[in-house]
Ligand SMILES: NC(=O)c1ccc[n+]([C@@H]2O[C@H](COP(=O)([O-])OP(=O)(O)OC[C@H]3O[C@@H](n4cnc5c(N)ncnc54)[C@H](OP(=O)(O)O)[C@@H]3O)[C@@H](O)[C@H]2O)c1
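Take a look at this single chain in structure tokens; it is the form predicted on its own.
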């Protein structure tokens, strides 16, 4: 892992919030294989973020650096942007991935204001205002001729559209984030910035470990047409496809990575 990241104008730069673990790490690894320089944002777990950076460089990233910031804190979010540009000189791809689940799954009628504020603050409020700041930075970088047609990706969830009454705050936050992605897609298209939403289904991560047995049984019984768990790599490959500039006439698209779970069947 690089301790001081050299500026490399030949390498595009991607920032992945919450990039050290789970889905974020899958995204980092796929972007590393595409030879992006990377910022792996983390809140608490420097060890995982540093290990992810080392792995990214072994996979082909010219440089990968961990930067600490809590994306629910607006000041720390702006610092993350400034440090990225200060160390790597540019941002070509911003991936809003960081998110939290409720600390305790509660019935809809028992959701607490504290849990609501924690989940919605991290999963919706933080990314909205962070993307405000990122958008301004990307516009300035384009005006300076440092980047061309940068992109923003929101990682949402099947919970944007599927109700889970034992984690209402998570569903509400992800549904709101889906609309945030659409709003920024409309606002930024005239500025040459494309925005996408990647919507994972049931993905095998730490966040789903507590319900692994339950969902394994439901998947085997046909919950989704593709009868397996999704992996962080599945999500990472979708983000890498967006990053490849293969969708130049698309913005605001929802890319499902859910084994067909979103499909309505009779």
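Bear in mind the structure is a predicted one, so any value in this text is a computation, not a measurement. Numbering follows the first chain given and starts at 1.
What comes next is about the form predicted in complex with the named molecule, which does not appear here.
Option from 141-149, 109-117, 155-163, 184-192 whose residues, in the model of the complex, bring a heavy atom within 4.5 Å of the named molecule
Stretch 155-163 is the one.
Using a 4.5 Å cut on heavy atoms, which of 69, 240, 65, 219 is close to the named molecule in the model of the complex?
Of the candidates 69, 240, 65, 219, 69 is the one lying within 4.5 Å of the named molecule in the model of the complex.
Please identify the residue among 59, 226, 207, 51 with any heavy atom within 4.5 Å of the named molecule in the model of the complex.
Result of the distance check: 207.
At 4.5 Å between heavy atoms, is residue 41 in contact with the named molecule in the model of the complex?
Residue 41: yes, in contact with the named molecule in the model of the complex.
Hey, in the model of the complex, is residue 95 touching the named molecule, heavy atoms inside 4.5 Å?
It does not: once the named molecule is placed as it appears in the model of the complex, residue 95 has no heavy atom within 4.5 Å of it.
Using a 4.5 angstroms cut-off on non-hydrogen atoms, would residue 100 count as touching the named molecule in the model of the complex?
Judged by the heavy-atom cut-off of 4.5 Å, residue 100 is in contact with the named molecule in the model of the complex.
Would you please decide whether residue 236 lies within 4.5 angstroms of the named molecule in the model of the complex, comparing each non-hydrogen atom pair?
Residue 236: no, not in contact with the named molecule in the model of the complex.
If you apply a 4.5 angstroms heavy atom cut-off, which residues in 17-54 are near the named molecule in the model of the complex?
Contacting residues: 18, 19, 20, 21, 22, 23, 24, 41, 42, 43, 44, 45.
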